[in-house]
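Given next are two forms of a protein chain, the same chain in both, each as structure tokens and marked structure 1 or structure 2.
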Structure 1
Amino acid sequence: MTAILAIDQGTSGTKAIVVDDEDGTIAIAEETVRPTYLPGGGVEQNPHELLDSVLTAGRRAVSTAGRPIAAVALANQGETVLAWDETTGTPLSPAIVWQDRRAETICAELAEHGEAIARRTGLVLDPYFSAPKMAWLRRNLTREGVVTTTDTWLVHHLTGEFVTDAATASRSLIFDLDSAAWDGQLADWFSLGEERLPRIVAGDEVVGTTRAFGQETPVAGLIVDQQAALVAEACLEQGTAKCTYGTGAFLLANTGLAPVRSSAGLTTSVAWQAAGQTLYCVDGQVYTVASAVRWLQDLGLVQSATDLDALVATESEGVLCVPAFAGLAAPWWAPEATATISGMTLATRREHLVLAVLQGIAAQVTEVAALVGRDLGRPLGRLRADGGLTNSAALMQAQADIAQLPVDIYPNAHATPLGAAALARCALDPTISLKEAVGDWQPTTVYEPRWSEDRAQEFRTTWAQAATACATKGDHS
């Protein structure tokens, strides 16, 4: 048996695929989950809905595949937390989603420890990560049961075990990056020192078995979603990088066995643990990507993302967009920044605006790629890309032009579950390497830079000045 059920439990849905190392992806099932957005920055999910989506999507995929599975793998949201009863598995709180900002007061109280936290965890002190949300939950919702990330709860329902993987644990702010272990002092600072924390496991470890999808099956391949995509795209050596173009963009680069601390405010995490080694990655985010395209749709400038290439101009005619619709991340770190469009005249048409937005997205990714190169000590040589917006040739060409990097398009829409499946395959057969488990893939398209270096540098300089003006304006508002 070589078929593996790989489940990607995400923010807006759960995707389950059955993948066979000979036949490829043989079944796919998806279930929608709906976060609730509350006043004051709260974002919650119903834990029962998360579990039901995992079970339903998984069972549908297995049924469609019509063959036995050898393992179940699970990729998770990373920083979403809940309280639950360890005896019964019953949720004692809603799931507090990674986007939830209500723990800002917790982070403000710990500001004096910010540098020490960053040094030990590789992360910035921010409500995005799980420990502030765990502390907020304990302070405001319940002191009962255990409080963990959602992967621990889901795996407990599948296997009865109490575990999390190293990549997910490294997104918590209470995990020591160098020793790859929970840090008691950090936990104390977040008033979590008395909490029972799950055992940290490797991605290629069988953590238990489940009967949830038929016969008793090993569960392995636990990993956080963006790192799973890094695995799938074979970014297995130091200096290799991928960018996922979704609602936002996530650029991750493998830093090898060295937990490189970013000089630019990017975050450093465990990429994965496998074959007895801990590999690390550095990552940066662009907040507004597909959401910027939705803005174009809402204005009636495009009907859908599939229209972008048909409507885009070949030249922007001087129109410049900084699509900071939800603020700017590194290197500006200006959450209050707002978007700007400049350089318009009476000759400006919608196709110029569409290109300016796409170039603005590519320019932000380019800035992150440059910061990653600085942290690695050498520029990136090329960029692997996945996600829905890689279907836009105009965006991908703009990315290659502005970054002056070849962009390799990943040929599969399911990078995250495929990465988890590769780790599960290593768990089942420790004699194969992760590289063998991932297999070879060829890009569907390679976008080579068409702009000259001078033109790209001139654009980047002009665009960066506009972005800095946005960030400064946000500071003053």
Structure 2
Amino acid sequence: MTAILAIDQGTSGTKAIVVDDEDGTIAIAEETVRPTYLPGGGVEQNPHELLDSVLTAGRRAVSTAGRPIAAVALANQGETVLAWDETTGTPLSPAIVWQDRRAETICAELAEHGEAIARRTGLVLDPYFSAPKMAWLRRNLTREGVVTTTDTWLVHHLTGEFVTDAATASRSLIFDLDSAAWDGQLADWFSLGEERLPRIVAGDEVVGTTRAFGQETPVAGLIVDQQAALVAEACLEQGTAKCTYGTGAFLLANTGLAPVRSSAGLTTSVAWQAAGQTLYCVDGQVYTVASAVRWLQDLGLVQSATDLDALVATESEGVLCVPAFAGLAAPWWAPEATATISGMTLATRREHLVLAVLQGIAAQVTEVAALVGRDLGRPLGRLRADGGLTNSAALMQAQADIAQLPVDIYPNAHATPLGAAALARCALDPTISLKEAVGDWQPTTVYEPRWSEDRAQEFRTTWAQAATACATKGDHS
């Protein structure tokens, strides 16, 4: 019986679970964290709040589980950065969240290197990734201390080590995808050449030990949250794909041992490093999903995400939403794009707005899914889905309808921590394969497309035109 504490430090909250290889998930604790949205596209978090949430949720889960834990695993937001003092661990800046777009100026200045950066990193020169944010932070906030992604800081607090995992490093724009190592030339371009960068570790590596959750325990299973969900959903073979519907939606497809460069405007990253191998994935992003629902809540149109299905209209009556509340990612890469809702009349009710937002999210995921299929050389046959918003039948049905794909709902609300836990299990026992650590799963629900192909195609065409209009409206170049 081996119990693992797996912590998912996400944008809107931190979830800690204790998962046992015999009894499954035996304890869950969650802490909300609140990003601050600033004018000009800034999105920040209080680092103390992040650390407190990790410690509080982790300790509560361990205490509820009431049994010793063999390892602590940590999934992180991927591209969120902060400056901190390496001796004391004290934060020297707010955490600059992945949704923050203020590093756009940094990217614009490096435009002439855009192609070379894309070739070497598999990413697109966009403020979403961590290096532009690190450079922006250095220029505007502080030159003191080290500047890293949040995982490095959290793990330093737990273990005293200075590390990040290969998947997180691959989200930076200063990481060479083929050699899976930091790239000095790229770091120079971002004026980060003098920075002390963390040691890159594998997902199945024990990086140190912590006493933060009781007795001394190894820390292993470091990974980006999206990649962790890819592991949990057993997307272990080339060509398998999942979409997580959280703060944003992230569709990732495993491309195996080959870092396939997207010809379709998607990004390529390390999926995970384990058993001495580096696996890669291609991914597309919808920046605002739960954030878009939160916006509906803030306007008083819905009370909570659980209201969506009760309030949604059956037909949108021509109301169309492009939910680009924090710019548009793949394949538009338009950080300045803003959301639009069109087609409203005096007969438009909040139910239509709710449906339009849900359809807008599903349409954006659909465009990404189609491009993933292009990069894989064959269309996706089905879509595995996890994340809090898979609870909305209206969203999932819209997804199946618009994408014309069956959507398989992952049966567990904790895909991300489960993926990190699987890697930690492999770290504790290298004789276990990742496949064995993950196990099989059956969808709780399968949403089959109900729309005709023609209707889906017509909707996609209209929506894509609206998205392109949003993307070009924000383009001042």
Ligand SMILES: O=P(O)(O)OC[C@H](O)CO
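Residue numbering: sequential along structure 1, first residue numbered 1. Under this definition, the rigid core comprises the largest set of C-alpha atoms superposing within 1.5 Å between the forms. Worth saying up front: this structure is predicted, and the values here are computed from it rather than measured.
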- [ ] Name the structure that matches the description of the form predicted alone.
- [x] 1
- [ ] Examine L252 after superposing the rigid core and state whether its CA is displaced by 2 Å or more between structures 1 and 2.
- [x] no
Open item on the list: Once the core is aligned, does S263 move its Cα by at least 2 Å between structures 1 and 2?
Closed with: no
Task: Post core alignment: T468 C-alpha displaced by 2 Å or more between structures 1 and 2 - done: yes
Task: Per-residue Cα shift, A334, between structures 1 and 2 [Å; core superposed] - done: 5.3
Task: Per-residue CA shift, A403 (Å; core superposed between structures 1 and 2) - done: 4.0
TODO: Enter the rigid core superposed C-alpha shift of V319 between structures 1 and 2, rounded to one decimal in Å.
DONE: 8.4
